[in-house]
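Have a look below at one chain only, the form predicted on its own, in structure tokens format.
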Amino acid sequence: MINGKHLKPRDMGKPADQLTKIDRLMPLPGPFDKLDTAPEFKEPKEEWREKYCTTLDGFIAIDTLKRPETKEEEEEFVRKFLQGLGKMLSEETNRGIIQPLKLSIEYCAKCNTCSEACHIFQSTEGHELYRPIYRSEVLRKIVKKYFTKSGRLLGGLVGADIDLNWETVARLGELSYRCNLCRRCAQTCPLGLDNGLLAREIRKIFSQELGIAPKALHEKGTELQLKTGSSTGLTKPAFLDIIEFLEEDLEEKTGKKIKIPIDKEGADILLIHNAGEYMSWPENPMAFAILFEEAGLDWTLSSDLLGYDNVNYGLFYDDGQAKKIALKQFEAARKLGVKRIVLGECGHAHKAAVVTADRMTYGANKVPVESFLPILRDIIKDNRLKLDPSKNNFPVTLHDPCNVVRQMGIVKPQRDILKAVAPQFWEMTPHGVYNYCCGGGSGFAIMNSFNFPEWRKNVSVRMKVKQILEVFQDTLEDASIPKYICAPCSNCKGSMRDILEHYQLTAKYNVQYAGIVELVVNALADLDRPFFEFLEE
């Protein structure tokens, strides 16, 4: 097993029961500086070793990546990977991404500026496996060896010094799922190169060429969404039942009798939530209904297939799946004849529907897509809501979802909102476009197979835990004071839920979490009781 400080890209092809392991984790601030928060990771089970790829770092992210049973199967696996790599490098088959891809492959200066920006590399105290350019360099060596004349002729003399076998390819696939695709590395790169893009392209080869992707993203994600209408499996009848329940709960909770509009033709806005909100955080769509009605907006929900779930997990691993879902969401909007789609609190849906889908269809097939954040900011700015900010007089911090802030540049509206409704708004350090990922990005928050949650809860979320502890440091140990993490993204909320439970931040220190719309509703002057249960308690 190779020490994490001495690991080289060429080692990826070396035979080993396990290439390396995590031996250190970044210290956390008080009160966790007095506790052992660097667990001894459990060894993978023997039956896992026999069937899956545990030889990278001992963890399994891809629960469909199984070892070949014959030499012929192994050779076919490697052949298909190289075939997919060829398609990745072809302008004909990868036209939309080929320019930044080739720049990122060819022009890395090895300055390691990206390493200082990567929360996973920093969380593991500089483990080479998680250095952003490590994975990229493995890919470069394979490309050079098999797709350049110099590499084919001179091999190791020009850096094409890597053995390509099933283990090499499988490890590379696993390593592509040790990156949150937060693109913080790309933002900081002095040459504008994108190691997150390279990780995503590796995932794409595995899905589109080898038919291999985590079940949570593919089988229980995009495939389930295309079949039932939602990545949660929420069908139309179940969705309509939930809306009826929300109306009843909303009236009981706030005294407001609101009929949530569904399938209203010709409305200005089609509001699409992450369906996970209906299942796990129903207060969020309730809060949206209250605010949109109070502001007098002309809006509707859709009960059409994919019209009530803005999730698009294809963004993380497969262009074909991403396009299928994006087009179905546009179709639902066109059927109703709405003027625009407005996205609720889902970070990756913002990028998928606004940025990525913009390249997937043209003309009449497209429907304008907007974020809810500028709309809510304008509602508050125009004094269309009667607010009493003193109702939120407790420490509030903001977690910036990567896909909203760094990928789309929406930074100021959410801060204008919080300054209007939260007297004790405290910024994390760093924040805005320099924020750190919640640790659940690129699908990690829903990937719970085998021992991958152990890696996520101790490694990829660690920097965010550090930020939370630091921002609330002065009041953390006073459990009588509620402390609120505003996370306007379903994926990020899932990650926050894991963090607060795993580190017992709610149970011991009264750290709470939810979105931004709930905080605005809690500040409404005419509410007789708090919208948050933790305030009632």
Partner chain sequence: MLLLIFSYFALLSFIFLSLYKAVQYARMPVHGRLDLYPIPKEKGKAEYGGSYMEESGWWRKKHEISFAGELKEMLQEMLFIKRLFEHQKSLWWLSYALHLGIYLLIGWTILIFTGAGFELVGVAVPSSGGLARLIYYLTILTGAAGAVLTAFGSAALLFKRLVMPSFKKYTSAQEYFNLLFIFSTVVSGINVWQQDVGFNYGREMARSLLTFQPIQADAALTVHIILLGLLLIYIPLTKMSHYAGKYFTFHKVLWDNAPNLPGSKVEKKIQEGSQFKPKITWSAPHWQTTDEKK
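Computed from a predicted model, the values in this text were never measured in an experiment. Positions refer to the first chain, counted from 1.
Here the subject shifts to the form predicted in complex with its partner chain, a form of this protein not shown in this document.
Contact annotation: its partner chain lies within 4.5 Å of heavy atoms from the stretch 404-412 in the predicted complex, the single such stretch among 404-412, 272-280, 388-396, 250-258.
In the predicted complex, its partner chain stays beyond 4.5 Å of every heavy atom belonging to L139. Proximity of P453 to its partner chain in the predicted complex falls outside the 4.5 Å heavy atom cutoff.
Proximity of Q83 to its partner chain in the predicted complex: non-hydrogen atoms within 4.5 Å are present. In the predicted complex, T188 approaches its partner chain with a heavy atom inside 4.5 Å. For the three marked residues, L217, Q504 and R529, no heavy atom of any sits within 4.5 Å of its partner chain in the predicted complex. In summary, among the residues G233, G296, G266, G320, the only one with a non-hydrogen atom within 4.5 Å of its partner chain in the predicted complex is G320. Residue-level contacts in the predicted complex: of E72, D163, E244, E106, one residue has a heavy atom within 4.5 Å of its partner chain, and it is E106. Shown here without its partner chain, the chain has Y134, E137, K144 in 134-150 lying with a heavy atom within 4.5 Å of that partner in the predicted complex.
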